[in-house]
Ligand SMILES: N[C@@H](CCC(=O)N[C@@H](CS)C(=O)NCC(=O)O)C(=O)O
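There is one chain below, alone, in structure tokens, taken in the form predicted alone.
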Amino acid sequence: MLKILGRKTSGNTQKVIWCCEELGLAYEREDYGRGFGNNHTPAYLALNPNGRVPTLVDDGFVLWESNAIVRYLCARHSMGTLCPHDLQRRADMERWMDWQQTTLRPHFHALSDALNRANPPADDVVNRLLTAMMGMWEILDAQLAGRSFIAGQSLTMVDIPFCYIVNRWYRLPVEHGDFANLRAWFERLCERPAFRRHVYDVG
């Protein structure tokens, strides 16, 4: 059986849990990471030398990096649906998945961390971070124009990595901008029971 090592409140772990639920896979999850103090033990580091979550264990095969895990699960269990056969379509999806992790995520966490500090930075700093974040959403909003989901009219693996960021974005105490396509996509995600249960309701 699949094992997911990671706390359910970790955004990166939420990607993997939601992916498994959409695929209808049986899995066990064990709490690791912040608050549990067990992700830097020798046993865990032998699986994931970064000491971060999540880590996937699939019948002896160990994989870390959440987006890589999503790709692996979709390719293994949903080739032709969540993961396309066509190489160019798949490369396009993977491009957006990489953009989520390397470009969108750092901007979001910079803003979120600033707002959640006990002593928030000056308004001009927050405004600069918010402006940068708006620029990221403008890019994704344009991609969603005329589409129900990022790659077309149905959910695919490319939507999954964005789950926790868009969920937490709409909870931040900021103006969220007039991104109608983004908002409509988020509302579609919220209609999916697995997203609701393992992302939206967890926070």
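Note that the coordinates shown come from a computational prediction; the quantities given were computed from them, not determined experimentally. All residue numbers refer to positions in the sequence shown, first residue = 1.
Omitted here: the form predicted together with the ligand. The next part is about that form.
In short, of 152 to 160, 34 to 42, 171 to 179, 138 to 146 it is 34 to 42 that has heavy atoms within 4.5 Å of the ligand in the predicted bound form.
Distance criterion of 4.5 Å from any heavy atom to the ligand in the predicted bound form singles out 105 from the list 128, 90, 105, 77.
In the predicted bound form, the ligand sits beyond 4.5 Å of every heavy atom of residue 29. The ligand in the predicted bound form comes within 4.5 Å of no heavy atom belonging to residue 58.
Of the heavy atoms in residue 166, none are within 4.5 Å of the ligand in the predicted bound form. Contact between residue 101 and the ligand in the predicted bound form is found at the 4.5 Å heavy atom cutoff.
Residues are counted as partner-facing when one of their heavy atoms sits within 4.5 Å of the ligand in the predicted bound form; in 55 to 79 these are 65, 66, in sequence order.
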